[in-house]
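This document opens with one chain alone, in structure tokens, the form predicted alone.
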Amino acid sequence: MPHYCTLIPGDGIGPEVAHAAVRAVEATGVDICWRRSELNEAIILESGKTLPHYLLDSLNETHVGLKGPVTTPVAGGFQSVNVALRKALDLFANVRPVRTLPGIKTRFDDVRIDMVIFRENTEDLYSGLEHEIVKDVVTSLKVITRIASERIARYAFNYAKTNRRRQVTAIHKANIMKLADGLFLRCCREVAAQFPEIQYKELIVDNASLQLVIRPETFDILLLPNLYGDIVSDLAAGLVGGLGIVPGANMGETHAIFEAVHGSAPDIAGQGKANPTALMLSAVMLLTHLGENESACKLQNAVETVYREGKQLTGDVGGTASTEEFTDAVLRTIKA
């Protein structure tokens, strides 16, 4: 039986990197049927909806999606596409593996970075509950609940146990936000007590940011509320070469969407300059989610081999290859 997956190419460079990722997935030999569902800035403006019904219908049928970057119209009152998807499908866990790729020059060439960031995806300041009390005085509500905090903590610890990771670090600001971040920490501690084989640590978010820049190799799994997770995950991506090479997933109880976390980069769209690495590695996560571990390993190893050889890399990582040339090199490696 084939796997059915909703493909959302997006706009800007989205269709280019999505095409590259699809070619790479299919080259592994996995039996997958793509259900293409278009979503871009023009469609949103024309329909007046961030999420057209046909997109949600497709995702509710397949329960899994591979998504390129989508541009949300600016100043049109439209909710972010990513935020809308998370709320509509209850994608409560944002998961971002951050790993050193061979051949990429960073300031940490002498260490290997291998961390996974688990960001709670549904609440915190991203609940969007803001109110102007009087003119020029605005309040914004930081919402932290036991249900959401326990759910993301359990997800992170279960991942750690399944993948034999050694440590989970909860990141917070409970020294200032004693009730909100305090509740998040209490939930993390309670869940940690159920996994005694995994080391549990806590760091205040500003200190965690400092430690990430000074000694990133000491981190394993990071567990964060929504806002800190958004900021720290981008910071961590910068440690290994940028958003162009870091995959991501939004996971729920019944649905999962795998996506490149970089933007749509309309300034280079159609020029063959886009780097499809992030979406290819997101496709690795997709294959693992589908239980296709052999195909996932094939694709992961092929991408790393192309980076190790360094002959067919795109311009953003110091090479001169086009999107197609990089993709062809990955495909040749898979077939070899």
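Computed from a predicted model, the values in this text were never measured in an experiment. Residue numbers run from 1 along the displayed sequence.
Beyond what is shown, the protein has a form predicted in complex with adenosine-5'-triphosphate (ATP); the following relates to that form.
Asks: Taking 4.5 angstroms as the heavy atom distance cut-off, pick the stretch from 26-34, 300-308, 55-63, 266-274 that is near adenosine-5'-triphosphate (ATP) in the predicted complex.
Replies: Among the candidates, contact is made by 266-274.
Asks: Residue 243 versus adenosine-5'-triphosphate (ATP), in the predicted complex: is there a non-hydrogen atom within 4.5 Å?
Replies: Yes, residue 243 is a contact residue.
Asks: Whether residue 21 contacts adenosine-5'-triphosphate (ATP) in the predicted complex should be assessed with a 4.5 Å heavy atom distance threshold; does it?
Replies: So residue 21 does not count as contacting adenosine-5'-triphosphate (ATP).
Asks: Examine residue 328 and determine whether its closest non-hydrogen atom to adenosine-5'-triphosphate (ATP) in the predicted complex is within 4.5 angstroms.
Replies: No, residue 328 is distant from the partner.
Asks: With the partner left out here, check for me: in the predicted complex, does some heavy atom of residue 217 sit within 4.5 Å of adenosine-5'-triphosphate (ATP)?
Replies: Residue 217: no, not in contact with adenosine-5'-triphosphate (ATP) in the predicted complex.
Asks: Among 150, 202, 234, 90, which has any heavy atom within 4.5 Å of adenosine-5'-triphosphate (ATP) in the predicted complex?
Replies: After the contact test, the surviving option is 234.
Asks: Along 195-224, which positions have a non-hydrogen atom within 4.5 Å of adenosine-5'-triphosphate (ATP) in the predicted complex?
Replies: Counting only heavy atoms within 4.5 Å of adenosine-5'-triphosphate (ATP) in the predicted complex, no residue of 195-224 makes contact.
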